[in-house]
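The chain below stands alone, shown as C-alpha cells; this is the form predicted alone.
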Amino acid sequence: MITAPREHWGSRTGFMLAAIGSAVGLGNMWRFSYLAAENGGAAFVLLYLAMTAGVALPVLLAELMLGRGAQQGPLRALVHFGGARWRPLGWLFVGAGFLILSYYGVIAGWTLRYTAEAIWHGFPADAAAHFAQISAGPVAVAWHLGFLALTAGIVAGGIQRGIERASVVLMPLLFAILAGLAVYAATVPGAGTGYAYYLQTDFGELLSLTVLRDAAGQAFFSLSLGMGAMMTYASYLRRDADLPDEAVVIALSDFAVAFVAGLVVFPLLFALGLQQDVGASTIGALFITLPHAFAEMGAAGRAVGLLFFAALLVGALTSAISLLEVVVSSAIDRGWSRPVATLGLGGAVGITGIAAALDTAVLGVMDQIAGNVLLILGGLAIALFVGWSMRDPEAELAAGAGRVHWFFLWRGLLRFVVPAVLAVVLASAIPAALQSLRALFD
C-alpha cells in the first residue's frame, strides 16, 4: 500500500501549543478549581501536582515516546513496538477518542451557542430555565453538528496548515483572555473571600482516599491521556524532539490554565453572593451558575461573560481537534486520504453524538463509560506495556534528550506506582458507570 509521506509540525512552538490545547479543555475552566475548593484548597493543589509528577507525567512521556518513535497513530504505534497482540489497545484509544468527541461536541455546541448569545443579546436572567430549554433537542443537535463542522474544517487542513495554524492563533488568545479576566476579577468587591474559599488550606484532606483519587483522576484526565491524543500529536514530531522538556511544559501550562480559571470564577461568584449555587456539577456551574452571575453584573457582565465563554470555546475547540485527529490519523495510516477520513469519520462522530444531544441522560452515561473508564483502562494498559513489555523504552525516550539519569525512575513509576493508582481510580469508576447505565434503562 502506498501512503503519502508523514506530515510534521512546522515548529516546536506549533507542536507545544497544539499539545497544550489538547490538554486544556472544558474541565480546566471549572472542575479543577471546584475540586481544590472542596478538597483542602492549597493542600489539594500540592497533592494534584504530586499526582501529576508521579502518575500523569510518566504516562504522558510514554504516549509521546511511542508516537514519535513509531511515526504513526495509535493503531500502528503499539504494533510497531509490541507486535500484533497489542493492536486491541490501539483500537481502545481510537474508540475512546471517537466516543468522547461524540458527546463532547454536544457540550461544546452549548459553549458555542452561549458565546454567540453573549454577542447577540447577553445572558438570560433565568439561566436555569434557559439551559433546560436549549440543552437537548433538535436545536442542540444543530449546534453540536455546527461545532463538529468547525472542528473538521481545521483538521481537514492538515498538521501545519490546519491544526498548527489554528493552535498558534487560538492558544495565545486563550492565555490573554484568561489573564485579563483574572486581573478584572481581582478588582471586584469580595474577591478576597473568593480567593480564601478557593485556596483554603486543610492538610487533613491529604489523608483522604477520596481526595487522593480525585487528584489523580484530575491530573490524568486533564492532560488528555489514555485516548491516544498525545501519541498522535507526537507521531508528527521529528526524532530530535526533547520529549521530557516538552512534557513538563505541557503539564505546567495545563495546570496554570486550570489554576488561573479558579482565580477568575470564585471572586465573581462571591462578589455576587452566588457561592451557595456552586454544586458538584461541572455542567451546572458552567452553564447555569456562571451565566446567572454574568446576567447579575449588567453590561460589564455581558463583556466579561463573552470573554469567559470565548476562552471556554477555544479550550473546547483545541481539545476537539486533537480527539478528531486521533481517529483521522489512524485512518490515514491505513491508506485513507485526509479529506475523506475527516469528512467520513467526522460525520460518523456527529451522528453518534445525536443521541446525547437529544437526551442529557445519554450524555452522562457516555461520559461515565468513556471519560471515566475507557481513559483509565487506556492509561493503565500503556503503563503496563511500556513498564513491563516494551524492550528498552529508556533508549527510545533518550532520542533527542540524551541519556538522562532519572529515566530508570520513569519506568519504575510506570511499573508500580501508576498501575496501583489507576487501579484505585478504576475500581471506583466502574461501579459508577454501571449504575448510570442501569439508571438510563430503568
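Don't overthink the numbering: it's just position in the shown sequence, from 1. Every value quoted in this text rests on a predicted model; they were computed, and no experiment measured them.
There is another form of this protein, the form predicted in complex with a small molecule, and it is not shown here; the text below is about that form.
Only one of the listed residues (L26, L384, V373, A43) places a non-hydrogen atom within 4.5 angstroms of the small molecule in the model of the complex, and that residue is L26.
This chain lacks the partner; the member of T342, S330, S235, S319 within 4.5 angstroms of the small molecule in the model of the complex by a non-hydrogen atom is S319. Stretch 27 to 35 is the contacting one of 390 to 398, 49 to 57, 413 to 421, 27 to 35, since its residues have non-hydrogen atoms within 4.5 Å of the small molecule in the model of the complex. Not displayed here, the small molecule is approached by F221 to within 4.5 Å at the level of heavy atoms in the model of the complex. The closest non-hydrogen atom of F309 lies beyond 4.5 Å of the small molecule in the model of the complex. By the criterion of a heavy atom within 4.5 Å, V155 is excluded from the residues contacting the small molecule in the model of the complex. When the small molecule is considered in the model of the complex, M231 lies well away from it, no heavy atom lying within 4.5 Å.
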